[in-house]
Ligand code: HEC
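The data below hold one chain only, encoded as structure tokens and taken in the form predicted on its own.
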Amino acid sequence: MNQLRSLFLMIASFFFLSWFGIVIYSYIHLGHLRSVAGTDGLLPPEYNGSAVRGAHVYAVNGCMTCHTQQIRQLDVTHADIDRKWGERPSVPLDYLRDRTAFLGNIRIGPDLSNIGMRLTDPMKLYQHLYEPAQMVEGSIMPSYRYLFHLQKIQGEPSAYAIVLVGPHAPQLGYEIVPTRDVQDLVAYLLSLKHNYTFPEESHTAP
């Protein structure tokens, strides 16, 4: 009986220490973070409604499986900065506006922390999502064409129709338009910009 009690206490202690380390320790060190005043408003800036919905589309389509959203610290490597993925390392305050922080843990594709700074044209993102290999030679990213709709042109072509060439172009008289889901996803990707700086004390991780 004493051995069973000892085993139970050991298991309970393990779970308590794990919970304390993940929840309480993180809250003590990060729970006090608040938005800070910038020249154009609070930082980090809030997402708009479309970008909030787009974050959900990003999650349900598993984008974090192949992409990270964290520029690594300079004491680890300068590679992220050298690749122009970001102008500075990510800090905890960068994720204050996120309901879920899509940090990721593997990079099959490039980091997306600042994709809104690197790709500012929505059409380029639509084309990339529809057929990645057309935009980046040798890309192994899967196509997300199920987020688009093929429709017959009625009168004037849609202003939202994406431009495709070669074998991916729709047949004559038809066009491919983005669904609401992919419009929201693109709005979210365009909002991923860490082109702001925090007060100096915020650059030091708590």
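Computed from a predicted structure; not experimentally measured. Heads up: residue numbers just count along the shown sequence, starting at 1.
We do not show the form predicted in complex with the ligand, though everything after this point is about it.
Although the partner is absent here, A51 lies well away from the ligand in the predicted complex, with no heavy atom inside 4.5 Å. Y47 falls outside the set of residues with a heavy atom inside 4.5 Å of the ligand in the predicted complex. None of the heavy atoms of Q154 is located within 4.5 Å of the ligand in the predicted complex. For I140, a non-hydrogen atom is located within 4.5 Å of the ligand in the predicted complex, even though that partner is not displayed. The candidate spot formed by P110, Y144 and L185 is fully in contact with the ligand in the predicted complex: every one of the three has a heavy atom within 4.5 Å. Put simply, of G173, G166, G41, G62 only one has a heavy atom within 4.5 Å of the ligand in the predicted complex, and it is G62. This chain is displayed alone, yet in the predicted complex one of V36, V177, C66, L33 has a heavy atom within 4.5 Å of the ligand; that residue is C66. Taking a 4.5 Å heavy atom cutoff to the ligand in the predicted complex, the contacting residues in 114-146 are I115, R118, L119, L125, H128, L129, P132, V136, S139, I140, M141, P142, Y144.
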